[in-house]
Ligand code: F0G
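Encoded as structure tokens, the following chain is the form predicted alone, with no partner shown.
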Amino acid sequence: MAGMGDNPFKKCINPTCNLTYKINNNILVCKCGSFLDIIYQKNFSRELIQTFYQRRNHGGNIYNESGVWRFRELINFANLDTEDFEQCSKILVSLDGSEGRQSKPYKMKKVSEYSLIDNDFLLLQPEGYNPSGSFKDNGMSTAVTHAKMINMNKIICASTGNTSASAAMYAANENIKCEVFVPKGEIAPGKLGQAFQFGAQVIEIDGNFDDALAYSLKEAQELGAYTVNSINPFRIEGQKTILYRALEYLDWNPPDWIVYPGGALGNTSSCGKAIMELYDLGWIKKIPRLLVVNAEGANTFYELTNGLFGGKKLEWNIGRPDLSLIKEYYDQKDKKGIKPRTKATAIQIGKPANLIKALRSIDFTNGIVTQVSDKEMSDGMALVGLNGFDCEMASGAVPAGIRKLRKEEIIKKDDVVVGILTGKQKDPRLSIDYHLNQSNRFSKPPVAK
């Protein structure tokens, strides 16, 4: 059970269970099978926002320079004196302050035009500027911090590429062993190369990401290794800082919409948790709506939440979602041999691990789940590039999803929208193939001389 006082603790998200656990152990899932939240008991004043601003003039303090640890009071699961640099340096894991450091919202005129939104109302935040090239570094810095706190010497994960790159990078920097399970032939070469480059033990699985995750969880249990996939609640804590940086840019005035690609749904879960916490603290008065964009070929969340399986919508239902509906859906997919299939391999996930927490986020924010085609994602990716920014195909789901909801007039023309571009392009073949094909709407094919 959790300790007394102001200490953070872990709590089961299942309201019929509500078991709590201390922080300093390797329990990442409740014994009832439900996921855990990290709960903080301190009620921070909104005046802390000024401290966050002041830390941007970091003065050589890497924890102030970090776009994750700059907000460390809001993710202080280690219960540190956050102003004690020596104490922070013994516990907090950082790649020299580089995680989240360059991540902030930008205006992109061509994307705005495509998305049918005025340039002043659309902001896109490229998380590909993280050191390993994706949003994963936000959560990996916190997950590996917890692993270090409890003296784990091996981390383990399954990955479509970005998680393995980030895990391997932080493990190498902390001199921790790292095993990554990847679906053979289903991972972008640029991402696989990173896992090798950073010294991870790569284990190829004859299957998809869902199969790789099952293998990795089994191995972690057998070996006593530390799982850094997004079932890990400490990873979710670091990913909350993506929202903090967006809000900071907006002077902590929430936008009308926040848009993410939908894969394993860790980002959806982390964003929802951050919004709930900030609202409870009284830091924000308006709750932004979440838009999650699935690929048509990997659209579990879309189908279940929109009632496209069995005619029944899967809902949070005050923490009591219909788990039998999820099981029936997965069983039918398995029986028919239907596997997720999209060129956006980062979100090619059929059984999103954070489905339940994501339901909670959609419920609290009155959110929406939609889907877009590979062609639409490719167009979105190309347009981001034509604005001078880099993003992978999965991130192209963001402008594509916004455009779709603008056409449906769900997103209004004067709504403020923040879209999260989750990673940079690590599979150059996708960009090359797009621009070599003159039939693509925004292609710039080479000219022979």
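On a predicted model such as this, the values are computed, not experimentally measured, just so you know. Numbers follow the displayed sequence, beginning with 1.
As for the form predicted in complex with this ligand, it is not shown, yet the points below apply to it.
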In terms of non-hydrogen atoms within 4.5 angstroms, which of the given stretches 109 to 117, 374 to 382, 210 to 218, 262 to 270 touches this ligand in the model of the complex? 262 to 270
Among S159, S141, N232, N130, which has at least one heavy atom within 4.5 Å of this ligand in the model of the complex? S159
Please tell me which of T163, S94, T241, S361 lies within 4.5 Å of this ligand in the model of the complex, judged by heavy atoms. T163
Non-hydrogen atom contact A394 with this ligand in the model of the complex at 4.5 angstroms: yes
Do A346 and this ligand come within 4.5 Å of each other in the model of the complex, heavy atoms counted? yes
T422 versus this ligand, in the model of the complex: is there a non-hydrogen atom within 4.5 Å? yes
Contacts with this ligand in the model of the complex - residues in 113 to 139 whose heavy atoms fall within 4.5 Å: F135, K136
